[in-house]
Structure formats: structure tokens, C-alpha cells
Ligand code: NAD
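Next up: a single chain in C-alpha cells, the form predicted alone.
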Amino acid sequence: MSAALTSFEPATGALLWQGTASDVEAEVALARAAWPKWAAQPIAYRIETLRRFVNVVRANEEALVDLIARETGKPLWDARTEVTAVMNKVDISVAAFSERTGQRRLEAAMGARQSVRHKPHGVMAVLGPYNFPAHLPNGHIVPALLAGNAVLFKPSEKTPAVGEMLVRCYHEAGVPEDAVRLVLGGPDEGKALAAHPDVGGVLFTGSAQTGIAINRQFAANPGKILALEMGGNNPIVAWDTADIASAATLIVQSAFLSSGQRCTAASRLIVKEELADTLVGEVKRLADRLIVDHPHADPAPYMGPVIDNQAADHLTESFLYLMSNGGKPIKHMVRTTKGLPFVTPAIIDVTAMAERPDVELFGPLLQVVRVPDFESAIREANNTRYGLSAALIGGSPEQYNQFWANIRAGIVNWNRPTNGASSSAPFGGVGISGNHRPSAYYAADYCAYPVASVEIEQPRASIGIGLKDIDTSAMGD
């Protein structure tokens, strides 16, 4: 019997959705059978189908915005930016497919042709996260479908309702029902899906712990493509600047947007000692003004709850751990509503801590580290196993060049937040933030593989060296 699944609204605790776990074996079989016909369709057909998907999403935009807000807890305005990104993804992916995996032909010797074309992998598993339950998996699904793959999409067990609606939009647009399948379930279904021999690739967004486990699982199976996006412990470095208000705003946006539940959120503010008191004071004043409320509240909140009480408990316990091990609270984290996962943004100075935990906290908790010079700031920024996103606020062009050249991250910004990366650029990190297969514009790279060919219409060949002479004396009349 399939296990029962439920989804609750973080902001209210109300039951939002219920269903049952999928039969992974059956879902893979359906996708495997549907793949050849989808792959045989001309690319123009697949493009047109996915453009109809945009129209379907646009027709259901408000319903999808509301569902994302209810199931994740994020404010309506934040959910609306996610749905906009879902719709924009198709045109971006079409351009990326043409540029990065397009067909090339070159003339060769003897009238032959050389060509480079790309083939789909077959059936691809997409394992989605809960923080952007539509946009992030869609960023894998659209390029995978464009390339001619069939897709098995397993949404996070915390956001199945959004996953279900997203797949329904693909089907309504004309993507064959078995070419994109919804696989519901928890970790067991995810493991079974990833391990299935008929799945040619796994596209994963989530925690480093899970991503590393998947990577280890396939260490002896190099034939299965694996793209991992595993979050970060991201630094934002604040240096000499006269515009303290703008600097504080960029820091607050980096640390507290989407309740800090972005893989590119800033976890660590590394600040010049002489600037620290003034800048951190302004960051606190702005953070004190942030409205934390349910998604549909009026006035609109800046932050909603985190995803569930387990996440809220983990964050408050992390704040207490930092405080008990040398951290000095600047702004305490508070649970505002009994029984619900609302937490206020928190700031803590961890400069005096002997050992700072190198973890992704994934919530509105900003750690402050004061440093004496720019070289120390770069060393502290790189003091992590992660390497997704980093930003420099203030500083000179020369210092930014130094920062860019020495920082270990796949996204490096200047006077911009650490988050809000463009879908028209690659998105990925180094260290345990990823496995050098960035998504967004570069997703085309792992959704198809290149095939090099030399082609001629008639066989024509000779060997001009290294052959023995023919012994004519041994030949008969």
C-alpha cells in the first residue's frame, strides 16, 4: 500500500493537500516507454509545446502564486516573482539550447562532412527543493524536455501540491502525460528514483548532505549524468563606503529575503573593524522594521514563516549554540507565534568564537565577523567548504578585482546582494556547493551530450603506406 502524504500551510497549520506516494517502478516504466516518441519530435515542435506551457501558466498565474504562498509561507509578492521566473524560463532555455547545444557542421577532406550534434540522455530524474518549488525544478525540467528527454519530477515532500500543479500545466500545454511524470514521496522514493537503472540522469537541488550521498551512490556509475546544486554558507564582505543606508539594505536583502531560505542567502557578514559599529547598527535598525507575517497579510510582509516547525527549532537552537560558544547577540531570534514556524530575523557577532560552524543554516540568521584588513576579509570569506555566492559591498575597483580573483564562489557580485541570480547566466558553485555542472543558462550542457560525426555519402578509402608489395610470381595465369 502506498504511504499517505500530507502538506500543511506553514503560516496557519491548516491541511493544504493530501495524497499517496508513487510507485517508482511504474512511473519509470511509463517515462521510458514515452521517451522515444518525444525525442523523435522536431525541436520546433518541442519549443512550441513549451511556449504553450507559458500560456497555461499565465492563465493560471494567480492560482499558482496563491498555492506557492500557502505551501511555502512566502509572501504573495515573493511567490509572484517565482511564477514570473517560471514563465521566463522557456525563452531563456530556447536561446541556451541553440547557443550551447546547437548543431555545427564543418567541411572535411575528400568531400566528407564533420558534424557535432547533441542527443538526449533518455529519462531524467529531477529532485526539487521546497524553497522555490516551481522555479528551481522548472529550471531543470524545461531544458531537459527541450533536449528530448522524458522527465520524472519528484517535488520535495514538503511542497507536493505545487509540484502537482506544475506537472498539470505541462500536460495541459501538450507535453505527453508520460513524458513528464510526477513522482510523489519522501527520501525513499527519491533514492529509488535516482538509483533506477533506466534513469539516465539525476538533477538535484537541495542540501549538501543529500547531494553528497547521491554523488557517493554513483561513484562507480560514470554513465549516469549528475548535476548537483547544494547550497552555501555565503559571505557578504562590507568595506569602505559612504552610503551606509544602501550597504545595510543590500545586506538585509541578502540575509533575510525569503526568510533566509535561499541557497544564495548571506549567512556571514564580514566587515571592516572601523566600519562595523555604524554599519551593523544600521542593519539592525532596518531588520527591526521588517514585517514578519502570513503571506496574505496587509500590509504585505517582508518575510513569512520558515517551512515548518522543525526548521524553526533548528534555527533557534543554532542561535543558542552560537550565543553559548562566544557569540554576542545583536538581534535575538524570536518565535512569534506558538505552534507555528514564524521566526524573526536574527544577527549575532561571532568574531570571538574560536571555531565557527561551517554549515548552511537556511534561515534568517546573520553572523557578523569583524576583520582588520582586506586580506583577512578574503581569507574569512573563503573559510568554508561551500562556494556558491559571495558579494563585496563598497571598496574600490582594485579591491573588487582582488576580491573577484581570490574568492572561491560560482557567483561573485559587487554592490549587489548575494541572491537574485539571473537565469540568463550560469548558476552553480564550487566546493560542496555543486559538482561543476551549473544550472540556469548552462543547464543545456547536462541535458544532452555531444556526438561528433564524420560523414560521406559513398565509402571511399585507400591505404597508401605500410603494405607489402603484391607477389605477382605466385599468381596464376
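Note that this is a predicted model, so its numbers are computed, not measured. The numbering used is simple: start at 1 and walk along the sequence shown.
There is another form of this protein, the form predicted in complex with nicotinamide-adenine-dinucleotide, and it is not shown here; the text below is about that form.
Heavy atoms of no residue among Pro235, Ala346 and Thr384 are located within 4.5 Å of nicotinamide-adenine-dinucleotide in the predicted bound form. Judged by heavy atoms within 4.5 Å of nicotinamide-adenine-dinucleotide in the predicted bound form, the contact stretch among the candidates 311 to 319, 179 to 187, 243 to 251, 270 to 278 is 179 to 187. Though nicotinamide-adenine-dinucleotide is absent from this view, in the predicted bound form it lies within 4.5 Å of a heavy atom of just one residue from Phe342, Phe403, Phe204, Phe97, which is Phe204. Think of it this way: in the predicted bound form, nicotinamide-adenine-dinucleotide has a heavy atom of just one of Asn138, Ser93, Asn131, Gln367 within 4.5 Å, and the residue is Asn131. At a distance threshold of 4.5 angstroms between non-hydrogen atoms, Lys191 is in contact with nicotinamide-adenine-dinucleotide in the predicted bound form. Within 4.5 Å of some heavy atom of nicotinamide-adenine-dinucleotide in the predicted bound form lies at least one heavy atom of Phe427. The shortest heavy atom separation between Phe362 and nicotinamide-adenine-dinucleotide in the predicted bound form is within 4.5 Å. Heavy atoms of Cys263 reach within 4.5 Å of nicotinamide-adenine-dinucleotide in the predicted bound form, making it an interface residue.
Taking nicotinamide-adenine-dinucleotide as positioned in the predicted bound form, the residues of 151 to 174 that bring a heavy atom within 4.5 Å of it are, in sequence order, Lys154, Pro155, Ser156, Glu157.
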